[in-house]
Ligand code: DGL
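One chain comes next, on its own, written out as structure tokens in the form predicted alone.
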């Protein structure tokens, strides 16, 4: 099987807001022929300060919407939602569901100083899944976590290089650098959009690690291993698609505002549709 070729599947992707677009970009690069549907749950952003039950409920709601739109696989393009809901979603829905995981393993492999920093939301840092990661790899290196309240909102507002964003990044990274961190995990899908500013702040000697590309590769494997024989109309579906098939975008927030922000981050002009009321 040539993994560079698409198989004509519909992939649903959701995040608390626009951060998951960083993952969607990797999916588009890896699987250019697949139909992509993205939901920014901006009416409920940020997830980081919400309860696990609340996030789980939203995750089920958004998954049902994406299934209604024809999704055959789901990507939870949000670390906090993955921690709160991936197990529940996998037990409830009989489709491939790919989640996010902070890139602790590659960061441990990359560090020279033996000190790894993690920038993440409070919800991710306090989750059981993240605790298990720290337990698995924490004996090999020192892992220092840093909650970053406010950074998600800066990306949601399109403030990728503002004074306020710079101040927040400096506040969150300075203690990590002081403790000898040489590898920094971007533990939220919003943060790759701030990577240039983070790199500028911490210096080029600090390695930044995120998981978008790894998630796209995992999705690719799951599609071929689990879906290629499920759909009889495989060849028909593929024939309707062209390379870089246009993505569809939805939001639970204001659609006009989301259209502006998502167009800027996606790098192309798009129209974002508001979710039907029962899914908002």
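Since the model is a prediction, treat every value here as computed from it, not as a measurement. Positions refer to the first chain, counted from 1.
The protein also exists as the form predicted together with D-glutamic acid (DGL); that form is not presented, and the subsequent description refers to it.
Practice prompt. State yes or no: in the model of the complex, is some non-hydrogen atom of residue 27 no more than 4.5 angstroms from a non-hydrogen atom of D-glutamic acid (DGL)?
Written response: Output for residue 27 is no: heavy atoms all beyond 4.5 Å of D-glutamic acid (DGL).
Worksheet item: Wondering, does residue 45 line up within 4.5 Å of D-glutamic acid (DGL) in the model of the complex on heavy atoms?
Response: Taking the distances in the model of the complex, the answer for residue 45 is yes, it comes within 4.5 Å of D-glutamic acid (DGL).
Discussion item. I'd like to know if residue 188 sits close to D-glutamic acid (DGL) in the model of the complex, meaning any non-hydrogen atom pair within 4.5 angstroms.
Written reply: Heavy-atom contact with D-glutamic acid (DGL) at 4.5 Å: present for residue 188.
Item to complete: May I ask you to state whether residue 104 is within 4.5 Å of D-glutamic acid (DGL) in the model of the complex, using heavy atom distances?
Response: Flag for residue 104 set to no.
Discussion item. Counting any heavy atom within 4.5 Å as contact, can you tell me which stretch out of 119-127, 202-210, 160-168, 135-143 lines D-glutamic acid (DGL) in the model of the complex?
Written reply: Result for this chain: 119-127.
Item to complete: May I ask you to choose, among 152, 194, 97, 184, the residue with a heavy atom within 4.5 Å of D-glutamic acid (DGL) in the model of the complex?
Response: Only one option qualifies, and that one is 152.
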